[in-house]
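Below, in C-alpha cells: the form predicted alone, a single chain.
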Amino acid sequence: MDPYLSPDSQAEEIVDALCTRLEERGGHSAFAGMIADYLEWVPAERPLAAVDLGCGTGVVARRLAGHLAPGSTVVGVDRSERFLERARALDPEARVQWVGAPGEHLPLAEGSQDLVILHTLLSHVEDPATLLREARRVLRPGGQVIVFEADHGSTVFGFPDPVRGRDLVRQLYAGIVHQPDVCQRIPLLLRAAGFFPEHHRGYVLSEAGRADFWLSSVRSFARLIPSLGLLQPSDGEEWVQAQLRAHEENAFFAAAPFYTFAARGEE
C-alpha cells in the first residue's frame, strides 16, 4: 500500500526515508525550477490567502511564503502529524500555519482562499475528484488551483534486461504510488470539479551517465524496498545495485515526465 496514504501508521525508518526524499527532491535545482515556473502564475503584487494541500515537509509552502506579497497567509495542510513535525522544524520563522487535517475535509471556510496548490498529491490519494471539489469549495470565485504531478506510470530506469527492468520499476511504483496514471485524467477532473484550465507545462527530468536527482530516489528505494516489501529481497537488491553500479560506471539512465496544470474556479 502507498505509504503516503497513511504515513503516521508507518515505521519510523519509512517516515524518515519519505521525509528525506521529499526534502532532497525539493532542493534539487531541476525540481526547484519546476516549482519556480508555476509560481510565476501566482500574483505577488497583492496579499493572497493560500493553501498548500498535502504539504508534506513543507517544501512548497516555504517557497510560497517567500514568493507572496507581505500580508499574505500560507496554510500548509497534511493528514500526517509526523510530516508536520518536520515541516514546523524546517520553518523556524513560523511563516506558515501548519494544520493537521485530511484533504477531503479542510478546516477552512467556504470561499476563504485565493490559491490552492496540490503538489504531487493526487497520485497519493484514494479519490482525487473529492480533493479537487474540496479545493473548489474553499476557493473564492475566480480563485486559482495549481496541480503539479509526476507521471509515475511513465517513469523509466535503465537495467541490463529492459523488459525485466520495466517490470521491476512498475512493481516499485505500484507499491508507493496509489494513482500512478492520474496525470492523464487531471484535465477531466478539473473540469468536473468546476475549474476552467488556464495554463499547462510539461517537463521530462532525465539523467544519463551519472545520477544526481535520481540518485536520491534510488537511495530512498534502497530503504523502502525491504521495509515495505516492494520486491522480492533478491530482486530489490539486484535492482538497487544495478542502479548504483551504473551511476559509478557513468552508464546510468532514468527519466520521468512532470506536468503542471493551473486552473480558475468558474464564477
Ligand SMILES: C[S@@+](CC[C@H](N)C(=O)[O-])C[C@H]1O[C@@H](n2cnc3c(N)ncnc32)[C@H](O)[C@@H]1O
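Note that the structure is a prediction, hence the values are computed from the model and not measured. Sequential numbering from 1, following the sequence displayed.
Here the subject shifts to the form predicted together with the named molecule, a form of this protein not shown in this document.
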{"query": "Triple contact flag Gly153, Val182 and Phe258 to the named molecule in the model of the complex, non-hydrogen atom at 4.5 angstroms", "finding": "no"}
{"query": "Of Ala174, Ala129, Leu90, Ala101, the one that lies within 4.5 Å of the named molecule in the model of the complex (heavy atoms)", "finding": "Ala101"}
{"query": "The named molecule in the model of the complex: contacting segment from 234-242, 54-62, 203-211, 41-49, heavy atom within 4.5 Å", "finding": "54-62"}
{"query": "Non-hydrogen atom contact Thr73 with the named molecule in the model of the complex at 4.5 angstroms", "finding": "no"}
{"query": "Exercise: Val125 in contact with the named molecule in the model of the complex, heavy atom 4.5 Å", "finding": "yes"}
{"query": "Contact of Gln113 with the named molecule in the model of the complex (heavy atom, 4.5 Å)", "finding": "no"}
{"query": "4.5 angstroms heavy atom contact with the named molecule in the model of the complex for Gln144", "finding": "no"}
{"query": "Contacts with the named molecule in the model of the complex - residues in 60-94 whose heavy atoms fall within 4.5 Å", "finding": "Asp78, Arg79, Ser80, Phe83"}
